[in-house]
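Only one chain is shown below, in structure tokens, and it's the form predicted alone.
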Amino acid sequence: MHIDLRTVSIKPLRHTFDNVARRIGSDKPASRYQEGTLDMQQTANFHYRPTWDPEHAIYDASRSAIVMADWYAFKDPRQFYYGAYTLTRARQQDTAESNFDFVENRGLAATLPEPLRDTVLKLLLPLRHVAWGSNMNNASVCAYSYGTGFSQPHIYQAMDQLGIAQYITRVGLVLGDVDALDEAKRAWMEDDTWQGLRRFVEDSFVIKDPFELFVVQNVVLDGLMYPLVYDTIIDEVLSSQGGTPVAMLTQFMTDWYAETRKWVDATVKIAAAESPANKEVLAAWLSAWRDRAAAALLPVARIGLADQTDEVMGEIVLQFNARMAKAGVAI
């Protein structure tokens, strides 16, 4: 018996879903990110308006002062949908676990000078409450914003901040004990050093505009705090004093911020480019909340910088201003 094997090329009748094809064209295959993002939010066939907010639909663009002709103009340069996000974070978690194992198995925490250990505990542990606040804020933005292109990255951001809070807790247990965590909570609730930042975080909880909340949390507070605490104090100042193990334990935060700022900057740039009105609103928000955040972080920075605080804080603010100018908003 003779068997003739042949390869047959079958042309697909369609490359993607209709809602995606309407945006990218029917003759092109779509990426997983596009299929998991474009026009995914429901826009019709709602049963009723929310009884707790009858002035707005469940998904309502009018909740924000930012006006977009198309809210799907927002694109995540990381191309994160659920699958890509979880795979990326799984790899980063493996690296973080390796760092913790390396520090713990070799007893590197015990090599830290006692004054440096105290500085790290005083500076770092209360920040887990800030990360928890960011988790709440990003979940709120996801719940009340409009368009999957804008809302989707915020739930990933919320989960990331929950993980950061847990990593900070683990650092506290490696360098100290449960009593150190209790002392950090007491400092967050009572010490004058932290009350400005605590008020900033708690005031952010009542912001109604989801885009303003994005600006307050992800653009301003993270944009000043991460370069100050992780890039400058921990990775530069404390590492030069023998604190390299701490830099290893906080590597996730450093890498995470470098990644997420690309999405943050792209979002600001797209909103600002939409209209002069948007740019004006963004400039007002950025200017007002930047000044509040810088003032709130100043006493916190003194824990690790002492006499260098004013100079370093001024440089951090200048870098932030330059970053926003590059994104299209002069402040």
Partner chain sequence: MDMQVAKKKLGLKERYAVMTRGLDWTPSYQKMEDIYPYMAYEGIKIHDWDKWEDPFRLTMDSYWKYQAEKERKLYAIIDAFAQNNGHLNVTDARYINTLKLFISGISPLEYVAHRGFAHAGRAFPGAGPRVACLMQSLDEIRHAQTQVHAISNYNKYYNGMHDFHHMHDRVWFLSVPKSFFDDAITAGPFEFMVSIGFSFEYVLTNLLFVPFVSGAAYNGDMGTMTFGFSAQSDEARHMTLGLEVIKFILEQDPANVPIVQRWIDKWTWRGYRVLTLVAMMMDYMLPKRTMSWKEAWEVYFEENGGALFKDLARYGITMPKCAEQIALEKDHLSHQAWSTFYNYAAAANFHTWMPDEDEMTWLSSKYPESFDKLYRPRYEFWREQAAKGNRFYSKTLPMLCQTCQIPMVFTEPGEPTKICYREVDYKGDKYHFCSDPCKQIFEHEPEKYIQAWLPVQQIYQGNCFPEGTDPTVEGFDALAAVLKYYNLENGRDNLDFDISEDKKNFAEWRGQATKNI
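Everything quoted here is computed from the prediction, not taken from an experiment. C-alpha atoms forming the largest set that superposes within 1.5 Å between two forms make up the rigid core. Residue numbers count along the first chain shown, from 1.
The same protein also exists as the form predicted in complex with its partner chain; that form is not shown, yet it is the one meant from here on.
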query: Region of this chain that lies against its partner chain in the model of the complex, out of 220-228, 257-265, 237-245, 131-139 [heavy atom, 4.5 Å]; finding: 131-139
query: Partner-contacting position among 298, 273, 40, 283 - heavy atom within 4.5 Å of its partner chain in the model of the complex; finding: 40
query: Its partner chain: the contacting residue among 302, 279, 49, 269 in the model of the complex [heavy atom, 4.5 Å]; finding: 49
query: Contact flag, residue 89 vs its partner chain in the model of the complex, heavy atom cut 4.5 Å; finding: yes
query: Distance check, residue 291 to its partner chain in the model of the complex, heavy atom within 4.5 Å; finding: no
query: 4.5 Å heavy atom contact, residue 23 and its partner chain in the model of the complex; finding: no
query: Residue 18, heavy atom within 4.5 angstroms of its partner chain in the model of the complex; finding: yes
query: Neighbours of its partner chain in the model of the complex among 171-187 [non-hydrogen atom within 4.5 angstroms]; finding: 173, 174, 175, 176, 177, 178, 179, 181, 185
query: Residue 27: Cα shift of 2 Å or greater between the shown form and the other one (core-aligned); finding: yes
